[in-house]
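Listed next as structure tokens is one chain, alone, in the form predicted on its own.
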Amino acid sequence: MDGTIGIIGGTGPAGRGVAIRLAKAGYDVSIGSRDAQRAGEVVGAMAVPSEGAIRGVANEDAAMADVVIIATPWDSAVATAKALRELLAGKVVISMVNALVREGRELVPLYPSRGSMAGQLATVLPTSRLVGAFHHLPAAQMEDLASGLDADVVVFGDDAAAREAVAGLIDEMPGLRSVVAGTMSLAGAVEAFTAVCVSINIRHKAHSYVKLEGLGN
């Protein structure tokens, strides 16, 4: 995939991990935040690979990239996306948002009115080409390029061309392999499984991830 990549709400561990691996693949990445100064401070503390570049910007500037990833907390994702709708029109927009809440030592999924966070975002971004990806990845291992991560990333969306473009992007990122699951109808199931992955890691004090065997190369 050609062009720049912006990550809206990308200062958290999950957003930083995706940014690091995109930069390692040679991309120029903008990590967005409501506070551009805060984003700059976060990027300043990151070990940015020399193959690409990462800069800290306001969310509005991140939304101006060629491809945009939404990595905000679930409870602010819809409002943030709606405010940036004009900037995101016509673009491939990747949702990595999960609606999860903690109950004791487990995380449990919430089901928004549209059945998934990707569905909610698709509703407020009707002219964007929405694809879901990056849901089941351990943030700490994503950010550490020496972690030995070898994970599969489940991809879904209704726009087949956008879905394949995102899959190709993921395949360029070290330690990741894309697995196209299908359409937006699978979004709720894919997002909810993140609760299982995180709860297993909490219980076992581990950093496990999804690897689907039997698919071939």
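All of these numbers come straight from a predicted model, not from anything done at the bench. Just count from 1 along the sequence shown to find any residue number.
There is also a form predicted together with another copy of the chain; it is not shown, and the following applies to it.
Novice: Just one of M64, A58, M46, V179 has a heavy atom within 4.5 angstroms of another copy of the chain in the predicted bound form, so which one?
Specialist: Checked against the cut-off, the match is V179.
Novice: Identify which of V42, L169, A162, V154 has a heavy atom within 4.5 Å of another copy of the chain in the predicted bound form; exactly one of them does.
Specialist: None of the others qualify; the residue that does is V154.
Novice: Is another copy of the chain close enough to G3, V29 and R34 in the predicted bound form that each of the three has a heavy atom within 4.5 Å of it?
Specialist: Checked in the predicted bound form: no contact with another copy of the chain for any of the three.
Novice: Counting only heavy atoms and a 4.5 Å cutoff, which of 66-74, 48-56, 34-42, 188-196 contacts another copy of the chain in the predicted bound form?
Specialist: Contact criterion met by 188-196 only.
Novice: Might K91 be said to contact another copy of the chain in the predicted bound form, defining contact as any heavy atom within 4.5 Å?
Specialist: Answer no; every heavy atom of K91 is more than 4.5 Å from another copy of the chain in the predicted bound form.
Novice: Check L107 for me: does it contact another copy of the chain in the predicted bound form (non-hydrogen atoms, 4.5 angstroms)?
Specialist: Contact with another copy of the chain, yes.
Novice: May I ask you to check whether E86 falls inside a 4.5 Å heavy atom distance of another copy of the chain in the predicted bound form?
Specialist: No.
Novice: When the contact criterion is heavy atoms within 4.5 Å, does K24 count as touching another copy of the chain in the predicted bound form?
Specialist: Judged by the heavy-atom cut-off of 4.5 Å, K24 is well away from another copy of the chain in the predicted bound form.
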